[in-house]
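Have a look below at one chain only, the form predicted on its own, in structure tokens format.
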């Protein structure tokens, strides 16, 4: 049934990639933290989302235009709703790569029939403009035709790789051929208002070897950055919307990609575009592309990324703000943007082999991505704020439902990110109880991880070979860890954080590598230009960001002040939130009575209230027990204590 080498990004033949993924069908996440997410939650999410696709009329869009139903869809609101179906299809493709699940397979086959029946004779497939050739490609700024096509292509490739599906794959190739004939220097010179098609076409090139798909992707990237998406002045409605959203910067059409140094605009658009550009680099080796990606990456992680790894600070335009503009309660931090960042950092890791990209992947995955889905896989966040006054919770679906199927496809594909290979050996990118097999210079190598990561930092790695062979194991020393330690054959290693430690030897039979990444509770400050976090601190432990939720504490989290030496105690609570490591600490409260009847007061008059002991939970698990008040950033007690001491003097 299965077609081997199910890669999310197949750079196995890309000449400028430093690493090659170990395909997800060669990796088994067996237990532990990730076992539940990959093996249980992903399936629940897929089945739940199928019901939502039915109830929201997204599937009926295809049936209506093809004549397979006489019931007009009324619940689907947006021209780009086709893409939610395609992302769900992609999730099924990754899920079926490892499982004989007849229910999921039957559902996706029915959906494929509905999609393909809606395709027009020349390959065009976009339900919003079905049967109206005069509307095709006329409003690239807002219509999302190419965006939807990109998601269709990616979904078809996932199924083609996992179960050898040909029907949807043939439809995707037919649509891609139409796009390649239509968009080129002698045809339409335009780009899509929402990048996505670029990385899809590169992946189709990798799947087929047909260079026209790579050339079309490069065409779209080269055409971007000249304000071509600005609607004509006579189009009053779209011109006004264009200006309100932020103009060319919002669409990442303000500057050629090779000249960019600041990441701006709609966060998902910007990060999806970067995925496509990095893909193009791995095929062409054009240094200017990688240089631009490096500049944008540094601008993002050093000036515009939340402590959770989230991206996008502004509700207006779902956009990046200025440097250091990172509000907490009003953080937009869209789930899709976090997933897009994960996807981009994965490509940068494949391109360079540098551990800093895997560090951001891990941070984002464990915090701002997992926060986007409930522990049971049926409720979702669109925005992921870092503070809440209550009244904000997850939903089973959204009118604009891009995030839920994005979560599903990432969880289903997650095993494919754990390991990579190079000509010299195997790379361990992410930690979790798992098994992987890879072939190095004709020798089969099996790697088994045993660990309670991310709750504890001990990792046992067993390496088995079918015959003696010399190669390297590259073990990522996480950037969050101050004192990583590794042992092999009685020798101790102390790698630098945020690097890959190379362990080279002639491996024979069975060898054991033991790694220890001590997880200490830390109080973290942000750059002083992040004005929202002045005199505040956040709590982290290992790769996890923590928060206070009022359901766990008898005091309002907004009035809790943390200190450097808070007597932090760690405890794994199996009964809480599916099993989480909590952090409790002694803190002081800010006395609310000091502020009764006034909005402002002198710093010298401020007094701390009573001391309390509070318990923090991993940020990703908040809002799983109903409505709550929550905060990641807490007032820093030393600041308030200093004010009180000044008052006493």
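The term rigid core refers to the most C-alpha atoms you can superpose between the two forms while keeping them within 1.5 Å. Computed from a predicted model, the values in this text were never measured in an experiment. Numbering follows the first chain given and starts at 1.
Below, we turn to the form predicted together with a further copy of the same chain, even though it does not appear here.
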*Any idea which of 421-429, 442-450, 519-527, 373-381 reaches within 4.5 Å of a further copy of the same chain in the predicted complex, heavy atoms considered?*
519-527
_in the predicted complex, the one of 248, 117, 301, 107 near a further copy of the same chain [non-hydrogen atom within 4.5 angstroms]_ = 301
*Contact residue in the predicted complex, chosen from 71, 77, 188, 288 - any heavy atom within 4.5 Å of a further copy of the same chain*: 77
*State yes or no: in the predicted complex, is some non-hydrogen atom of residue 487 no more than 4.5 angstroms from a non-hydrogen atom of a further copy of the same chain?*
no
*Would residue 591 count as touching a further copy of the same chain in the predicted complex under a 4.5 Å heavy atom rule?*
yes
*Are any of the heavy atoms in residue 536 no more than 4.5 Å from a heavy atom of a further copy of the same chain in the predicted complex?*
yes
*Do residue 604 and a further copy of the same chain come within 4.5 Å of each other in the predicted complex, heavy atoms counted?*
yes
_Please tell me whether the candidate spot formed by 558, 563 and 631 is one where all three residues come within 4.5 Å of a further copy of the same chain in the predicted complex (heavy atoms)._
yes
*Considering only 175-196, what residues come within 4.5 Å of a further copy of the same chain in the predicted complex, judged by heavy atoms?*
none
_Following rigid core alignment, is the displacement of the residue 47 C-alpha between this form and the one not shown equal to or greater than 2 angstroms?_
no
_Core-aligned C-alpha movement of residue 607 between this form and the one not shown, 2 Å or more_ = yes
